[in-house]
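Listed next as structure tokens is one chain, alone, in the form predicted on its own.
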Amino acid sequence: MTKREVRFPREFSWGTSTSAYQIEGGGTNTDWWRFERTGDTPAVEPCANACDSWHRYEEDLDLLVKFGLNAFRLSVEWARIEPERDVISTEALDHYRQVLQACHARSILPVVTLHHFTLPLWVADAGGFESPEISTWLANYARVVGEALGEYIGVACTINEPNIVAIMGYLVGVFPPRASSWERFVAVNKTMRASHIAMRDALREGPGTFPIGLPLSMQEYEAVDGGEEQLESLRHEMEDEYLNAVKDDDYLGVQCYTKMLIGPNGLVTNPQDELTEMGYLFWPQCVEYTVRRAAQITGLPIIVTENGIGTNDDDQRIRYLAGALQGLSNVIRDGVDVRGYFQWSLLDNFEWILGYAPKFGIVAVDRSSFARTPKPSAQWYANATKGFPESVL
């Protein structure tokens, strides 16, 4: 393949992250919409209208302008763009084009994710990530998105946290299709890596000079009570195989939230540790750890495409962000090539099987009126980005 010109943003990207299904509402043609309504679903409530961002995206972008942020990570929904196999919706593409144009009109860099957890029903019914055709389907979809929207994309992400889709859907068994098999987990991870490469290469054929990468879920891992073998096995599948597969990408997206303590029988929790409402260990130091590890193994520029905390305590959120940005400043001062940081999330949105209980947003959303109300953490984050790194020291 002819080497493609790649242009990174001139400035460090400060933004927030979202995903289509979690904020748009109305994702009726997805496997998740159906999954939430099955009789034995672990989902506590349906997504329904989410934050109504399909209609209110300009209001969301105006919030970013108010906070002085210069980037926004969003996703486009495959189930809207290709509602049936080989049927492309020009209406959906026109809508997403308008969203990206609205970003540019506000001098906001659009960071576009092509797949964020959900599948069109026709894909799910044909086997989803276990179909032998999935990589081809995703490449074709990426080609359609690139041709239609490539001139407006600032940075592209292929598959959001493919390792989380694999572990939650095929090993832990709480995401669709609710399998519980180490062999299927490993096989889906392999398919995910092949699909990412196919999507990346398809995007490189189209217009635009945007960087293309994979947003990977990474954590800080620590072995306890003889858990070293279990840790190495899990980290090999969750991280190392991916880190070795993406070295021809333009950057790596690091998505981190916590530290995981691994014993010989799996995850270990210490009741004395400070936890978030997600049950995660409060551990903002994970940013520094994962960014250093990712950069060292891949040699790629890094974008922190997600980092944040699910909590109703906004003071706890501010403490977490302060620790995270402190770690970010440490790695940048040590010469690690970091190009951006995206807090998860702009809005209190739909958090998959946990519904609307976890609050990751720096902006609250009224569940009836959809009114947006910035929290104190929004202003704190806005101020911190202006004086970085001094503002967090």
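Just so you know, these numbers come straight off a predicted model, no measurement behind them. One rule holds for the numbers: they count along the sequence shown, beginning at 1.
Not pictured, yet referred to below: the form predicted together with D-gluconic acid.
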**Report entry** D-gluconic acid contact in the model of the complex: W33, any heavy atom under 4.5 Å
**Finding:** no
Query raised in the report: Is D52 close enough to touch D-gluconic acid in the model of the complex, meaning at least one heavy atom pair within 4.5 Å?
Result: no
Requested in this report: Mark S13 yes when one of its heavy atoms lies within 4.5 Å of a heavy atom of D-gluconic acid in the model of the complex, and no otherwise.
Outcome: no
Requested in this report: Indicate whether F117 is a 4.5 Å heavy atom neighbour of D-gluconic acid in the model of the complex.
Outcome: yes
Query - Interface stretch in the model of the complex with D-gluconic acid - options 348 to 356, 33 to 41, 361 to 369, 55 to 63, non-hydrogen atom within 4.5 Å - result: 348 to 356
Query raised in the report: With D-gluconic acid left out of view, which of T276, N189, Q255, T158 would have a heavy atom within 4.5 Å of it in the model of the complex?
Result: Q255
Query - Residues within stretch 329 to 348 having a non-hydrogen atom within 4.5 Å of D-gluconic acid in the model of the complex - result: W344
